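The chain that follows stands alone, in the form predicted on its own, written as structure tokens.
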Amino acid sequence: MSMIEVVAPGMLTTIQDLGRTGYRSSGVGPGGAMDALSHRVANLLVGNSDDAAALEITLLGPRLAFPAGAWVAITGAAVGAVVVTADGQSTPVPAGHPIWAPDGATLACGQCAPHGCRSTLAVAGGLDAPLILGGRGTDLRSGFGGWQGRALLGGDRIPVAASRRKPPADRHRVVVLPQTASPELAPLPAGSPAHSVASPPIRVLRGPEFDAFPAASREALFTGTFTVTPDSDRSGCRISGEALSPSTMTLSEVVVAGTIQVPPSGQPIVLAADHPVTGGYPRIAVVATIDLPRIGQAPPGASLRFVEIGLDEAQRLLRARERTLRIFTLGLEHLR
């Protein structure tokens, strides 16, 4: 079985897939990739099913060794990756393409680009982490799944399942294939650093307690600008701005990824992949599924704005993206 050796782990590198289903009643949330779109595209590029286990890189990437070589693809935020072959030759890795990392090569990832904070690194065959409760992803809050329930550490050796994609004729040189995804399959910029042009607002639907907020708070959600704070993590994207004041508190209710809760401080929390299954703060809005990858890519300091859309529009946008993904998948299958 092929292996990946972790030479240096980066800031926070975990094994993720598209999450677990069917265990909310037992208190186990779905988890999964923070940027599911980039995760799916990376897997498709290397010939995997879109839900195969891959590496999620946060802010600063790892350095990985490939003793037996592997096809890889990196999507999401750019990380300035470089493949160094056994004879010392360095080749920059273009994002969004299938790349052969030769036998004995090392792949070194740098810092994520300013407009994003997470990358997906998929390996042909998929990472062969143990299957627990129907998923292979890491649940950091509960300490299970992925690789020993934790972020990767130097010295870890991660098994890779057998791949349908054959190695190139010359296993000892870097190969970059031309296949890549269309711009429609890359998440829009998550937010805007102070020095950049503003990115489009995050699209949201009204939450169950929207009407429990005073008119001034409802207006502030859609007219104000919020800043992602450094204490954001895989459980929630914490944002600061004009305080939103709910008129009442609620009992603990079901929440999903993208739920925007407002605690007593008035500073919203956008729940993310590792969110709890219930929450007791009023839910003023819910991020449309089409824009969840943008929340997963929002780096500390980014400015976020929100705009309201209806359920019909949210579903139309999601169907259109799924059609684009299907066309992309069929195109890759045809090329193989």
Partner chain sequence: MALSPLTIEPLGDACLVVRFGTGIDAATSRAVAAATASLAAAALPGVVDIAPTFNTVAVVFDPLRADPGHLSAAIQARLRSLEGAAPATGAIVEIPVAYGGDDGPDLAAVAAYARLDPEEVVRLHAAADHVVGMIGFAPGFPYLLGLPAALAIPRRATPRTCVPAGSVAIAERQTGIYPRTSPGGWHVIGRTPRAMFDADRDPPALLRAGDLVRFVPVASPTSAGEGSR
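Every value quoted in this text rests on a predicted model; they were computed, and no experiment measured them. Numbering follows the first chain given and starts at 1.
There is another form of this protein, the form predicted together with its partner chain, and it is not shown here; the text below is about that form.
**Message:** Residues 27, 133 and 319 are flagged as a possible site; in the model of the complex, is every one of them within 4.5 Å of its partner chain by some non-hydrogen atom?
**Reply:** Contact check passed for all of 27, 133 and 319.
**Item:** Per-stretch contact check against its partner chain in the model of the complex, the hit in 245-253, 77-85, 103-111, 228-236 (non-hydrogen atom, 4.5 angstroms)
**Value:** Of the stretches listed, the one contacting the partner is 245-253.
**Request:** Although its partner chain is absent from this view, report whether residue 151 comes within 4.5 Å of it in the model of the complex, heavy atoms only.
**Result:** The answer is no: residue 151 has no heavy atom within 4.5 Å of its partner chain.
**Asked** With the cut-off set at 4.5 Å between non-hydrogen atoms, does residue 143 touch its partner chain in the model of the complex?
**Response** Yes, residue 143 is a contact residue.
**Request:** Decide whether residue 324 counts as a contact residue for its partner chain in the model of the complex under a heavy atom distance cut-off of 4.5 Å.
**Result:** Contact check for residue 324: no, nothing within 4.5 Å of its partner chain in the model of the complex.
**Item:** Contact flag, residue 208 vs its partner chain in the model of the complex, heavy atom cut 4.5 Å
**Value:** Although its partner chain is absent here, residue 208 would touch it in the model of the complex, with heavy atoms inside 4.5 Å.
**Message:** Counting any non-hydrogen atom inside 4.5 Å, which residue from 304, 36, 269, 286 sits next to its partner chain in the model of the complex?
**Reply:** Looking at the other structure, the residue within range turns out to be 286.
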